[in-house]
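Below, in structure tokens: the form predicted alone, a single chain.
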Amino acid sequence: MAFEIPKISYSGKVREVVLGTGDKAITVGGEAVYPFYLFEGEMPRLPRIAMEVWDMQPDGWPEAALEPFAGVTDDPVAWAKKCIDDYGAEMIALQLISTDPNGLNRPAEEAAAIVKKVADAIDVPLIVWGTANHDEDTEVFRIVAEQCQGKQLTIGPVEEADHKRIGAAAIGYKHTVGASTPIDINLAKQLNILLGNLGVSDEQIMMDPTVSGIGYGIEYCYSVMERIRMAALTQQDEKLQFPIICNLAKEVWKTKEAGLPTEEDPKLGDVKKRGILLEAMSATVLLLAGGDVLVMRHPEAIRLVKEIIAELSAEQ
């Protein structure tokens, strides 16, 4: 007798969300099975990768992370174009590091002007990510949302403390929000409910459960993301049926292991390969947990993850 794989019947489905506009717009979500369980059902939209760009010269990056972007890290527009032209980026994630009040503390108007320049210079979807300082993010996104009307940006993190103000801007100017909560399924659901009550449509929400890299709590992130997908697909929980965005690059590359020189701890292996593999491995774990959009940094790590996505999604 031939062995028959046991199959689960799924009653739920992740909503589809359109990012960007025009020919390069990307639709994410839509899966009706657990990640890559193609023997049980459909996963019409494979996970996508956004390449990270900072709005200021990076400080403290390992050499391996800086090398692919030599000559453009002081110009966000040139950096974004290099990601697209040289590395085939299908989305750009602009990190507004300069707006951190504990850092450069760039004024909201100046930060928004940078976002506008990048948005006008590229034709792929743009994700704009703040620093989770509620006052600063609210002011920046209020201006960004208005000046980039029609671009259908994804703006985040949108947290409970600022969801009304940023959510209102997203509604008014038709942008998507990255609903961000600190690794907790109940808080994630509650924020989605609050955004819905505010008037943010289901087609304007992506979930950011907060992620980490391997060795820094990724097993807990995996568990929470897994529970979110279980509730969405098998328990018909409509308030958890949203695509998941994983802003992982900065979490991986800030770790000690990503930049520790080879000579200081030879047993960890070559520092350049180590950082790339840490990012690729962390991304793979999050893919298997249900990530729909991954924010990544190194082109080689991205290449490895795309190969994994192709392998997992290939017909057997």
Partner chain sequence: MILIAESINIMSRSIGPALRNRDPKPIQDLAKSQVEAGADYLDLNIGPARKAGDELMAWVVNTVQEVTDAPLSLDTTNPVAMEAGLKVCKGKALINSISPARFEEELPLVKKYNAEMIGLLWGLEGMPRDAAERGVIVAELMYAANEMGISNEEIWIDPIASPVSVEINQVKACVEFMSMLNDIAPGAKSTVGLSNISNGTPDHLRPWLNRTYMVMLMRHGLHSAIVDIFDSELVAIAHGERPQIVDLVDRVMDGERPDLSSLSEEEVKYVKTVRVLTGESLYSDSWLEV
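Numbering follows the first chain given and starts at 1. Computed from a predicted model, the values in this text were never measured in an experiment.
Omitted from view is the form predicted together with the partner chain, to which the following refers.
The stretch that touches the partner chain in the predicted complex, counting heavy atoms within 4.5 Å, is 234-242, out of 137-145, 82-90, 234-242, 102-110. Looking at residue 197, you'd find a heavy atom of it within 4.5 angstroms of the partner chain in the predicted complex. Though the partner is left out of this view, residue 201 does not reach within 4.5 Å of the partner chain in the predicted complex, counting heavy atoms only. At least one heavy atom of residue 189 is located within 4.5 Å of the partner chain in the predicted complex. Within 4.5 Å of some heavy atom of the partner chain in the predicted complex lies at least one heavy atom of residue 185.
Comment: the partner chain is not present in this chain, but in the predicted complex one of 78, 168, 161, 193 has a heavy atom within 4.5 Å of it, namely 193.
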